[in-house]
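Take a look at this one chain, the form predicted on its own, written out in structure tokens.
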């Protein structure tokens, strides 16, 4: 650990808030309150606005992994007869549910949801949630994921305001119709009405939050030396994103940006003698986040980039042209695709690498997750053509059984040595 580095106050505030929120959510759910179990790329805004608590599939997967339970459940997955290519990140909660020992599970297991919701953005999502519905008897809402015929490679240049052109009117029509259907189901579940006027204000609050995160991203990208580890950067973004548009989330985004600015002005940095900037492409390595600081002392190398902060602006800011549901459709319609699939991901990765002055990219390729993994090599090619060294990390976000940290360090160190040799 670099001796001069001190964690941000914002980091402790965010993690404490999330801890208390999780305790409150657990108390609600275990005492019988209704909740929804949803996938990460579904329109959380609809659930938040109507007041129905949600547990997100991938968040719950990370909780199970952090409890060091994933190895047991994935071994059990094999015993249940599931094929070995099932996406780990999305399927871990289902396997825990099917295994059924609530004493082993976090929170003593999850009770039956009032509603399940998934977007059919990968081949296995509808199957995973279908089995969850079959096991629990909870009603399931599946949302479509219609493809864009001619994806714009530099999608972020159109996404904020000209999203009608970017995604296509037919695609947005379909998604809005499905959102209307989901709203009807949520009103039936909660007994509450969906206030459309205040929903527009809520969407604008989210836009304001993401603009603050964009300012934070610019601070890190332009700083002479990186002021924050990505192991801190990620929770300071992800936690407010789970609560996006709330008063606390906007307050925290502001606090995070302001603290970053103070660090940049005062010259505080992760590595005093920063020599190499790295980017981590993909979801977090949830079971070994300390890995991100492994090369600070040996090579003056810092991970400066993670997708969560810059995507807060490019992936979420959508100008409301008079129909907040349509703006929401433009936010949700290609969220996963833009993070993982060519041609969406290729140009964005190159743009971000140049903006952040990246020397080396580590690309997480979850071999069991076809959606998140199979497009990665196209992005790798684009980055290499732009002069960025790329190291493939064939591992998983929540399955540590094939993760060999020592071997990975042994693969990365020679690449960093070569970069240092060139710079010297």
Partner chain sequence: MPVIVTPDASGAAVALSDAFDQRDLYAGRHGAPCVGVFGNCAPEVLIEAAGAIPVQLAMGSRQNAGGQRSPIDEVIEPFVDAEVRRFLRRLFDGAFSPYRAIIFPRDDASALIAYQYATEWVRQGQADKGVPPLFLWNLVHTDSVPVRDFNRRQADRLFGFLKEIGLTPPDSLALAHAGQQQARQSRLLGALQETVGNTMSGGTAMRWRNAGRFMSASEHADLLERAQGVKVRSPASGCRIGLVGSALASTATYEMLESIGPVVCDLQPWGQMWPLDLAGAEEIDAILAALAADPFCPRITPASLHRTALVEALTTARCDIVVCQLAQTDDTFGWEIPSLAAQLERCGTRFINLGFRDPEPDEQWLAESLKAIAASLEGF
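Numbering follows the first chain given and starts at 1. Computed from a predicted structure; not experimentally measured.
There is also a form predicted in complex with its partner chain; it is not shown, and the following applies to it.
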Taking its partner chain in the model of the complex as the reference, which of 312, 122, 223, 283 has a non-hydrogen atom within 4.5 Å? 122
The single option of 55, 377, 29, 50 touching its partner chain in the model of the complex, heavy atom within 4.5 Å: 377
So in the model of the complex, is its partner chain close enough to residue 196 to count as touching (4.5 Å, heavy atoms)? no
Using heavy atoms and a 4.5 Å limit, would one call residue 134 a contact residue for its partner chain in the model of the complex? yes
Check residue 273 for me: does it contact its partner chain in the model of the complex (non-hydrogen atoms, 4.5 angstroms)? no
Mark residue 82 yes when one of its heavy atoms lies within 4.5 Å of a heavy atom of its partner chain in the model of the complex, and no otherwise. yes
Counting heavy atoms only and using a 4.5 Å cut-off, do 148, 178 and 394 all touch its partner chain in the model of the complex? yes
Name the stretch, out of 231-239, 249-257, 203-211, 73-81, where some heavy atom lies within 4.5 Å of its partner chain in the model of the complex. 73-81
Using a 4.5 Å cut-off on any heavy atom, which residues of 241-278 would contact its partner chain in the model of the complex? none
